[in-house]
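Shown below, as structure tokens, is a lone chain in the form predicted alone; questions about how it binds or moves come after it.
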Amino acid sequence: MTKIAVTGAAGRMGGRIITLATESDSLQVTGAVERTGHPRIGEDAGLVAGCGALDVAITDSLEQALEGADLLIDFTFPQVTLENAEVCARVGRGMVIGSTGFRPEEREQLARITAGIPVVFAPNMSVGVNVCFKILKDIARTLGDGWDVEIVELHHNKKKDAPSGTAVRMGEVVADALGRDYNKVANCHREGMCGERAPEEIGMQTVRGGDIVGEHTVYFIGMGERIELTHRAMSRDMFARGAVRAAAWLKGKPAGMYDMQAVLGLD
């Protein structure tokens, strides 16, 4: 049995993770965290999540939440995740990280902080999205150069980062497969007389509106033909399911940074 603590326990994602964890035979929720001053602090995490009493009070102390836990499931924001990682590294607890919007230097900082603990870090915890990563690698390697690559992502109007972490990872996967440096070939902005499209660039287009959970399409555009790979998220449960699966997989693993490809055996 893997014992877990969950950040954002009173939020939508935290609540779904807690609920799905209670339905798992391999997980037990022993800690729940919210930001200081949150009105639900002190309440039972299970009742707040809507899955029944768990006798686990929501706290604003991560150290307290981790006392009986093996690992932390963290869906917050990069700076908060880095702070939480410092605590987990200090007390020797693993992490499953689903936060997005990390800059390259923040990813490097996270890797340094967590070098001594096991971590699953993925821009998207969805099983389906991670299967898409595998397919994209195969498509790009097979097609090679000569095909233009464009990535379009759609999300709700409250999303703060752009392009999405999933879109960036898709771009990285394709770039790696083609022997390119994503940070040099990604083009996130076209306007005015911007000139012809460079053959090696990967276009990154962002759409925001309404309550779209998440949609990503990668276009491989050749002469006279086009391949499109699309993943659509219908609910946030897919992220929570992936996080729960990653938490069950992580227990007992040696220190290191893993991704969902490793969790799913897709490496």
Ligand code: NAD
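Keep in mind that this is a model prediction, so the values were computed, not measured. In this text, residue numbers run from 1 along the sequence as written.
FYI, the form predicted together with this ligand isn't displayed, but the following is about it.
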State the residue from 122, 149, 167, 119 whose non-hydrogen atoms include one within 4.5 Å of this ligand in the predicted bound form. 122
Should residue 114 be classed as touching this ligand in the predicted bound form when contacts are defined as heavy atoms within 4.5 Å? no
With a cut-off of 4.5 Å between heavy atoms, is residue 70 one of the residues that contacts this ligand in the predicted bound form? no
Whether residue 33 contacts this ligand in the predicted bound form should be assessed with a 4.5 Å heavy atom distance threshold; does it? yes
Under a 4.5 Å heavy atom criterion, is residue 137 part of the interface with this ligand in the predicted bound form? no
Even though this ligand is not shown here, does it sit in the predicted bound form so that 2, 29 and 90 each have a heavy atom within 4.5 Å? no
Only one of 218 to 226, 47 to 55, 231 to 239, 196 to 204 has residues with a heavy atom within 4.5 Å of this ligand in the predicted bound form, and that stretch is 231 to 239
At a 4.5 angstroms cut-off on non-hydrogen atoms, which residues of 140 to 168 are near this ligand in the predicted bound form? List them in order. 159, 160, 161
